[in-house]
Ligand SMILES: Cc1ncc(COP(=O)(O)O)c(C=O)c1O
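Here's a solo chain for you in structure tokens, the form predicted alone.
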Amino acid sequence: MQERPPYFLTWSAQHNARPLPVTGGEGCYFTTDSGERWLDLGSMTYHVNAGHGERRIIDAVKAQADQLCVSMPNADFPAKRLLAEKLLQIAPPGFSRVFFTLGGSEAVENAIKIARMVTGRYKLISRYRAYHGATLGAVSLSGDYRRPPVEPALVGALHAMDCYCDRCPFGQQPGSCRLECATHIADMLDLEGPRTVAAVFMEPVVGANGVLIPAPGYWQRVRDACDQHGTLLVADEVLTGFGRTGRWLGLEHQGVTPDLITLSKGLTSGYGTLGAILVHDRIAQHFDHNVLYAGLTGYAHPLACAAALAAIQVYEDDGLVQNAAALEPLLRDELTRLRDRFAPHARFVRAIGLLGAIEFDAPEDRYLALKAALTRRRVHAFVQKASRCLILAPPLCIDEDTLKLGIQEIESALAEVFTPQGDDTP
């Protein structure tokens, strides 16, 4: 067994946890110190949207280091200004300011602070299957298994039921429901008392906890409820942004304008440590004459800004957002085929852009077995016992043949764990 490292491994009990010795990569593959070549169907941690070894981003970071390598929070320099302008072009109309952070958790953390400063309220609503980050405020908004171990956490963090159409918490069926999941959030705003909730935080698509895709009209109903109560609506695009769903921003599928948008991951494609909050002008105006009590030493680091500008340019030049949209039917069809072959253990399929999931009904040991089977095939994907899902989120530069190859490897791994036609003997 590989020697234990002298650092902590995240989200793990350290006794049996071992790191994967990654040494490089190209396109949809990364390599290890033993020369193994892994097919990356998870974009590392949902963030390598442009793919591995992208020289255009690497060269941009090197050029920025030669020109300006370090700075201070309130300095102005071309990459910082250009990136803010570019992000505001990507945002829906009406957004006028950008607040930069160190990553996705800090983007959510500072969005909490902005919402509380603007409204003078302290309560926040998010959803039970959401993941909003690892810092104290962000993990308080998260509803999954990572929240309870650090409680009691942020005061005022409330949780709503999810837009979980395949297992509707309200007993409804897709296509015939009345959007009870959205009305539930509206009811919470009513029941928590008039004008007490600062903001509602939602991922356009619940990503890491099962790829839960809201029905049409869901976001509009929540937007209307927020407007009625003077509550801000925050779209957490840390995972869904920059092409993951086949649009620049996942909220474009719903056609609703939020008050704040949090970004990270695909913002730099992982080539720099950076997050951002896009702030609508109706919110930004508050800080014209009120102090913005927020800041970070590494705010808009020059190297990270250069990486982000180059990543966005790659997305545009190579049509990667369009590629994610074009490959969505293939991803959905192939996952549906696997579901049908491995039923009844494989139950549901959900896909949008290059983000897809198969949900299972299976004993806990099968998830560990599936993860091991994928490891033997040198395929990186997310096997999650908590959400009962296998989740795929490959780099957006993947082509049809490589995606099909990855699905074939997954099918082979599934055949080790679940005998087709429902035989429960692995």
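A residue's number is simply how far along the shown sequence it sits, counting from 1. None of the values given here were measured: they were computed from a predicted structure.
If you look for the form predicted together with this ligand, you will not find it shown, but the lines that follow are about it.
> Would you mind picking out the stretch of 110 to 118, 124 to 132, 283 to 291, 67 to 75 that comes within 4.5 angstroms of this ligand in the predicted bound form, counting non-hydrogen atoms?
Answer to the contact question: 124 to 132.
> Hey, in the predicted bound form, is Thr268 touching this ligand, heavy atoms inside 4.5 Å?
Result no; Thr268 lies far from this ligand in the predicted bound form.
> Is Ser264 one of the residues lying within 4.5 Å of this ligand in the predicted bound form, judged by heavy atom distances?
Yes, Ser264 is a contact residue.
> In the predicted bound form, is there a heavy atom of this ligand that lies within 4.5 Å of any heavy atom of Leu239, even though the partner is absent here?
Looking in the predicted bound form, residue contacts with this ligand include Leu239, since a heavy atom lies within 4.5 Å.
> Indicate whether this ligand has at least one heavy atom within 4.5 Å of a heavy atom of Pro258 in the predicted bound form.
Output for Pro258 is no: heavy atoms all beyond 4.5 Å of this ligand.
> Considering this ligand in the predicted bound form, which of Gly143, Gly103, Gly272, Gly137 comes within 4.5 Å of it through any heavy atom?
Among Gly143, Gly103, Gly272, Gly137, a heavy atom within 4.5 Å of this ligand in the predicted bound form occurs only for Gly103.
> Does any residue in 196 to 215 get within 4.5 Å of this ligand in the predicted bound form, counting heavy atoms only, and if so which ones?
Counting only heavy atoms within 4.5 Å of this ligand in the predicted bound form, the single contacting residue of 196 to 215 is Glu203.
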